[in-house]
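So this first bit is one chain, no partners, the form predicted on its own, shown in structure tokens.
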Amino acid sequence: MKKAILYLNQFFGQIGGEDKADFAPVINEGQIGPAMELNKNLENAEVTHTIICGDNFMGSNEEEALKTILEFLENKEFDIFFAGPAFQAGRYGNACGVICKAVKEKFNVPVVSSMHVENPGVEMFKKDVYIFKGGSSAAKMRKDVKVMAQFGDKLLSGKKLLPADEEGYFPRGIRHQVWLESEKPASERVVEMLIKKLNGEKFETELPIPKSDRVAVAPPINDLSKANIALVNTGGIVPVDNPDRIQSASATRWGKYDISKMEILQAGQFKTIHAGFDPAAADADPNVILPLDVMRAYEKEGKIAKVHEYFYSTVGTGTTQAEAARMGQEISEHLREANVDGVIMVST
């Protein structure tokens, strides 16, 4: 029987929620949480160990986390490594990608994960890791774990792998020469595609070209001392009554708030409604997310001409790329109308 190891974050590893996001890596013999479901679905392997690490710890102490986890694995026998599923959780997706890539490079074993298409970990690591197209929340846990297990069994058994779209993982940009069962030559296939295209019929190219959504780099501000600088944040800083009813996750709304007469953001007047991190520090001092205090100091020192009269706020966690793009477009129209020269985009 082959051996597998699964990586989980603090929540799915049953350590705790955001209050335990700084949890340092541990390795446990046996199966914890989703590892039990993974083990149940694996036919060619047994999950022998579960590794758990807090999302914040991996994000803030990546080098230390990787060193610790790789040392855990030094004397372990394993044939495949799993991580997640990470659903739409960005920090978790990043952690799964980081550890999978490191394990693959050091131990030369296959690595498998699962993420929702909107998880930033997909774009960051799909070239290095088999990342399956998963659900947006833990409601899809059983389905996503089953898909990971089935593909893991296929890898371990040495069966022929199908193209990414047929297997269900995100394309990795790796091209292979394959022989079609139809044995139809390329000259005939390309003519058939051309005829379909000319007739307005549906056809599928054999050489898809990836589309890159490139954003041109803005020119530098020539003189900051004459610049009007605005603060925009995805950390969910809002007045305590959240007047625009911005959602705590998967946001579709944003807000614009007057700070023209404020030197700092006062606790009790502003708070965070972000559901993706422990709000205690931001509620105690909203300036740790939206640094109005520092910007006012720069304004007085003449480093910038002025802080724009309003700040703009929404929530990043779980927010789809389409909604983020729409909100960004709407906010930028307000910034252009106000003759803002530059934006400091603050996150968590």
Partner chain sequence: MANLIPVAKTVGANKIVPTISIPYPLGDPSTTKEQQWKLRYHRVGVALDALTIDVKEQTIFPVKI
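Worth saying up front: this structure is predicted, and the values here are computed from it rather than measured. Residue numbers count along the first chain shown, from 1. Just so we're on the same page, rigid core means the largest C-alpha set that superposes within 1.5 Å between forms.
Beyond the structure shown, there is the form predicted together with the partner chain, which is absent from this document and is the topic of what follows.
Q: Work out which of V288, M36, I27, L70 lies within 4.5 Å of the partner chain in the predicted complex, going by heavy atoms.
A: Residue within 4.5 Å of the partner: V288.
Q: Please run the contact check for F81 against the partner chain in the predicted complex: heavy atoms, 4.5 angstroms, yes or no?
A: Because no heavy atom of F81 falls inside 4.5 Å of the partner chain in the predicted complex, the answer is no.
Q: Contact with the partner chain in the predicted complex for G268, defined as at least one heavy atom pair within 4.5 Å: yes or no?
A: No, G268 is distant from the partner.
Q: In the predicted complex, does A138 have a heavy atom within 4.5 Å of the partner chain?
A: Output for A138 is no: heavy atoms all beyond 4.5 Å of the partner chain.
Q: Contact with the partner chain in the predicted complex for P220, defined as at least one heavy atom pair within 4.5 Å: yes or no?
A: Close contact exists here: in the predicted complex, P220 approaches the partner chain to within 4.5 Å, heavy atoms only.
Q: Assess the spot marked by F23, A86 and V117: is the partner chain within 4.5 Å of a heavy atom from every one of these residues in the predicted complex?
A: Zero of three within 4.5 Å in the predicted complex.
Q: If we take heavy atoms and a 4.5 Å cut-off, which stretch out of 27-35, 302-310, 58-66, 41-49 is in contact with the partner chain in the predicted complex?
A: The contacting stretch here is 302-310.
Q: Taking the partner chain as it sits in the predicted complex, which residues of 221-252 have a non-hydrogen atom within 4.5 Å of it? Please list them.
A: The stretch touches the partner through I221, L224, I229.
Q: Is L290 displaced by at least 2 Å at its C-alpha between this form and the one not shown when the rigid core is overlaid?
A: The answer is yes, as the C-alpha of L290 shifts between this form and the one not shown by 2 Å or more after core alignment.
Q: Spell out whether the Cα of F81 moves at least 2 Å between this form and the one not shown when the two forms are superposed on their rigid core.
A: It does not, since the F81 C-alpha is displaced less than 2 Å between this form and the one not shown after the core fit.
Q: Aligned on the rigid core, do the two forms place the Cα of A305 2 Å or more apart, comparing between this form and the one not shown?
A: Yes, shifts by 2 Å or more.
Q: Given a CA distance change of at least 3 Å, are A325 and V129 closer or farther in the predicted complex?
A: Closer in the predicted complex, by 3 Å or more.
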